[in-house]
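As structure tokens, one chain now follows by itself in the form predicted on its own.
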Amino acid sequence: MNHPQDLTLRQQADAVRRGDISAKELLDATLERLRERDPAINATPVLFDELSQVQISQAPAGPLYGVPITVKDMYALPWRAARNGTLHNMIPAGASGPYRNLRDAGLIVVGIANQHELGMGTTGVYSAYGAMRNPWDFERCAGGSSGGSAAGVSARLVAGSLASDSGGSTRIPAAYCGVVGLKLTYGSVPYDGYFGAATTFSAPGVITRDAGDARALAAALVQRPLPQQSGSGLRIGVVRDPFWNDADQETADVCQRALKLAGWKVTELKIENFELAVAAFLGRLIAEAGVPSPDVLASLSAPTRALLLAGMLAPARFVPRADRVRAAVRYSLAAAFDTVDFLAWPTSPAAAPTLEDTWIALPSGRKPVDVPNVRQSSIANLTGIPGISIPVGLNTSNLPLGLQLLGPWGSEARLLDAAEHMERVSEREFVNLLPPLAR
């Protein structure tokens, strides 16, 4: 038998169920793999050696019994407060709603996935635990804010991780690390004990190696079946400007080839009010972010402090304006979904930048990567719809690229159908790619 963490999440659950491996043996092998590989990428800075053993004895015999996962630092656990990438207990210890649902499926929380400080960045450079590194190139960003979740899954430390997505935080790191990242529909799970409860944008997400694992983990999270259908024959809407036209050419080409390979019917769209979406998202986001206590603020990195303090200067009149735009964008989006099943564009307009230089070159000029990343991702957060990032290949620097699909409210199952169709037509070429750390 291969190392247990080289198996998919579903294969691990099946192996435990059949008795091929015990839950304790799987956990011990996972802890061993984490200690061996994680120091290179800093994806899982907190391990629960003894507590994870206790969880095995207490976990119900759910469909994913005995499978170890990591949980992003945005969720409170019964034995640990949520710190949101800081040194401070931001939400008291307790069984958060998302944790309860995963516990009921029999999953074992083996550690905390590192994240960008306060979730306020798409690079993963800033965290109380240090920067997250990309398993494909240790000098590259793993993404944010769920960079530890994506890097850990990509490096085969764990088969799945509970992430979150307030502005692309599940999808962008998944694209950077060559794995699947699914953002759920807003409000689809209990929000107690989760930082998303304080915003109108954030939704839990799952990061896994392939779409089948994402379906299994997401079904456990939402506690309902996500039935599988054929993902062929879908109608895909493509909004060229700016999502494709202002992407790195190689990234756009790889994503375009993936769409062609899938054989879906592609329609060019122009959607009313989309040009206002990013401004509305940012206007409301900074109002919701608030400012933490002085001791927390003083401990944060300079860029995070600057973002928080700048938000204090934003006029209150931005909020009702942003809400009017949000309503208009939702209306336009609903009309678009009457004619297509999903929208598609590159998850990030370029591959992961370096940790030392987080600016990227695009047709519109050289920009800090957070700006175009948020442009690509924030419509899903502004409107609450689900979205998925699917790995579709590597660029000439051997860095992963992701294609993003966005669907109507509650369309997680169909998004996963589309992702599984892509895996079938590509003969799993993209999801089977391994970073150097995992070879």
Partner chain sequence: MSIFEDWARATFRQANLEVDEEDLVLVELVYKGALSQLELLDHIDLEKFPAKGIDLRHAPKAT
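Residue numbers count along the first chain shown, from 1. Since the model is a prediction, treat every value here as computed from it, not as a measurement.
One more form of this protein should be noted, the form predicted together with the partner chain, which is absent from this view; the next part is about it.
Undergrad: Report yes if all three of G212, F342 and A361 come within 4.5 Å of the partner chain in the model of the complex by some heavy atom, otherwise no.
TA: No: no residue has a heavy atom within 4.5 Å of the partner.
Undergrad: Just one of M90, L276, A252, V109 has a heavy atom within 4.5 Å of the partner chain in the model of the complex. Which one?
TA: Selected option: L276.
Undergrad: Since exactly one of I286, V239, L226, A262 fits, which has a heavy atom within 4.5 Å of the partner chain in the model of the complex?
TA: Flagged contact: I286.
Undergrad: Just to confirm the contact call: exactly one of 267-275, 100-108, 162-170, 143-151 touches the partner chain in the model of the complex at a 4.5 Å heavy atom cutoff, so which is it?
TA: Residues of 267-275 come within 4.5 Å of the partner.
Undergrad: Is R257 one of the residues lying within 4.5 Å of the partner chain in the model of the complex, judged by heavy atom distances?
TA: Flag for R257 set to no.
Undergrad: Is T86 close enough to touch the partner chain in the model of the complex, meaning at least one heavy atom pair within 4.5 Å?
TA: Because no heavy atom of T86 falls inside 4.5 Å of the partner chain in the model of the complex, the answer is no.
Undergrad: Quick one: does F243 come within 4.5 Å of the partner chain in the model of the complex, counting heavy atoms only?
TA: No - in the model of the complex, heavy atoms of F243 and the partner chain never come within 4.5 Å of each other.
Undergrad: I'd like to check something about G94: if you look in the model of the complex, is any of its heavy atoms closer than or equal to 4.5 Å to a heavy atom of the partner chain?
TA: No.
Undergrad: For the heavy atom contacts within 4.5 Å of the partner chain in the model of the complex, list the residues of 301-338 involved, in sequence order.
TA: Contacting residues: A302, P303, R305, A306, L307, L309, A310, M312, L313, A314, P315, R317, F318, R321, A322, D323, R324, V325, R326, A327, A328, R330, Y331, A334.
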